[in-house]
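What follows is one chain in structure tokens, specifically the form predicted alone.
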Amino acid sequence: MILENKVISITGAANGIGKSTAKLLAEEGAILILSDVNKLALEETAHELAALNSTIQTVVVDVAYQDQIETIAQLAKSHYGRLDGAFNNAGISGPSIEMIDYPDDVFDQLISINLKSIWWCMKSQLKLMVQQPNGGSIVNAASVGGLVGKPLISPYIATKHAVIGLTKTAALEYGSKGVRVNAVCPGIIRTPMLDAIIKSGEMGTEEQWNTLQPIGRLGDPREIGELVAWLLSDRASLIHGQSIAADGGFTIS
């Protein structure tokens, strides 16, 4: 129970890494504020987690809008008087298109959802955390795409590099005020969306996908949740300003 009674928010909590992380954090005793743009999927996630006897609040949020993001911190303050941790996870990948053909409006969408949302999340979270005696811990969802380049997804790569930059800067500004800020960089994780792609066979066989990471398999969303849970806990008290890859060796191959 490394997160017992800690109030923690998760964006993009209805599916994939967000959902698996929410379940793991609930198992570790966290009080959760879950948000997502998909109301039905969010309610289903909350219903599943209710079996763990975790205290859960849900709020439908489109992270492309700052005023909606602000409601998360407001909910934490009004219900619990504090926000101990946050996993800023919501994001999109965008289409695979060469740079010169990439539509500007899609680029702008990725900037809003993948980058501006984390900027807005951190601003609202930091305002609360710096006033708290015990500070807090923020974990941003970056990607191995924030550590290396990859063709055909230039806006996505740009946003994830920028998330790491924001993480480092916030760490320098607020570490002395009791707030730790880190980022996780997932490799190729078998989310429901990726699972559907693999099963379709349109982008290679399962065996081919498994060779993309040196450990010989794809990652599981829960494995990212384990890293997030640790970073949010007091056990990671000296880990600050880091962008940690959980990628089965992808970035060293």
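The numbering used is simple: start at 1 and walk along the sequence shown. Everything numeric in this text was worked out from a predicted model, so none of it was measured.
What comes next is about the form predicted together with a small molecule, which does not appear here.
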### Task
Note which of Leu126, Ala170, Ala90, Ala76 lies within 4.5 Å of the small molecule in the predicted bound form, where distance is taken over heavy atoms; exactly one does.
Ala90
#### Entry: Contact test in the predicted bound form: Leu32 vs the small molecule, heavy atoms, 4.5 Å
no
### Query
Counting only non-hydrogen atoms and a 4.5 angstroms cut-off, does Cys121 reach the small molecule in the predicted bound form?
no
### Task
Examine Ala46 and determine whether its closest non-hydrogen atom to the small molecule in the predicted bound form is within 4.5 angstroms.
no
### Task
Spell out, yes or no, whether the shortest heavy atom distance between Ile198 and the small molecule in the predicted bound form is within 4.5 Å.
no
### Three-residue site Val130, Gly136 and Gly241 fully in contact with the small molecule in the predicted bound form at 4.5 Å by heavy atom
no
### Query
in the predicted bound form, which of the stretches 22-30, 198-206, 62-70, 47-55 has residues with heavy atoms within 4.5 Å of the small molecule?
62-70
